[in-house]
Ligand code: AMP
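Presented below, as structure tokens, is a lone chain in the form predicted on its own.
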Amino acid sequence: MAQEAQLWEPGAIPDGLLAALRSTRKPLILTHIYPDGDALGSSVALHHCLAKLGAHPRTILTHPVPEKLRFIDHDGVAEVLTGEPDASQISAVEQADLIIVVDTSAFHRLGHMKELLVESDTPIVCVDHHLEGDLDCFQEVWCEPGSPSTGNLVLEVIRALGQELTLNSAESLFVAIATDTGWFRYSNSGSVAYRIAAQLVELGVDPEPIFQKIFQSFSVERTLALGDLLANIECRSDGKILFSVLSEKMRQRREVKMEDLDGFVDSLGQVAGTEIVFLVVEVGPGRYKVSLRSRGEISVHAIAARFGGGGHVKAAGCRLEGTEEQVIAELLAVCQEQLVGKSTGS
């Protein structure tokens, strides 16, 4: 997988996608639930690009982004749903002449905006780098699973549209790439991520304050919640599987929001010998959000897909329902199955 990432280069952008972006005047930009740095950075950079082309874009997020990432929306162009779409947001779908989905091609990950899109006759296009999705639902789609981030693809789109990057957009895309590659530590980085990052730095992006904002500016409450999580880690299969659970009671005790949990699962992957790491977060009675990471050759995408989720080979997620004990048992069964498959070569 690492070798594939090193060799990846972007393929041709579909002509129909570029034509749609050039001609749109009222585009609506959407991304996945619980948006991360790649989702927000890609969305706002594309927003500003289309505005420079003469369009009047709107960008709507289904959930707030973590506080540590909000600085990359320099001008505050991204609107955030507080629940179901209000009249203005419904109108944004009705009035749009093009809907652009970035950083996901799976309709179920559009949250409260999904039903509006399903009922809409407006052309929908997509720019994404995930392994799964509803590709047949889009008029045009550019999906490159080998790309380090969707931000890499948005940068190629901006350049293909003949636009020069502003410093703010360069910073937004730098964050998109840096966060989706674990600050260039993960195997999906490859030479292209380093090369593009260098180009963005040459445009004026300063990595040090960005790193401090994202990784060294946590609240005391979040840090205590992480401590709770680490104190409850469990191992299985001779330490090859490591997991922890964050209940709603634990989260409320520390008064942290769901978006503050971004990055928690990566903190679990610091134990030597682990191959599969997962974090189970209670999001409601009998409902759980699961984040998975691979530290070896096993694809956690395959594990998440068994439960209707998806993502990447090294990082994936899904949703499960049941009791905490049932959810953990189901996840462990599939993880152990993957470990057995690896050892037998099947």
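Position 1 is the first residue in the sequence shown; the rest follow in order. Computed from a prediction, not measured in an experiment: that's the story for all the values here.
One more form of this protein exists, namely the form predicted together with this ligand; it is left out here, but the text below deals with it.
Legend entry - Contact at 108, 310 and 315 by this ligand in the predicted complex, all three, heavy atom at most 4.5 Å: Checking in the predicted complex: 108, 310 and 315 are all within 4.5 Å of this ligand.
Legend entry - Stretch in contact, per heavy atom within 4.5 angstroms of this ligand in the predicted complex, of 108-116, 202-210, 250-258, 152-160: Of the options given, it is 108-116.
Legend entry - Interface residue in the predicted complex among 48, 68, 63, 289, criterion: non-hydrogen atom within 4.5 angstroms of this ligand: Partner contact (heavy atom, 4.5 Å) among the options: 289.
Legend entry - Heavy atom within 4.5 Å of this ligand in the predicted complex - the one residue of 52, 306, 319, 26 that qualifies: After the contact test, the surviving option is 319.
Legend entry - Contact of residue 240 with this ligand in the predicted complex (heavy atom, 4.5 Å): Looking in the predicted complex, residue contacts with this ligand do not include residue 240, since no heavy atom lies within 4.5 Å.
Legend entry - Any non-hydrogen atom of residue 222 within 4.5 angstroms of this ligand in the predicted complex: Judged by the heavy-atom cut-off of 4.5 Å, residue 222 is well away from this ligand in the predicted complex.
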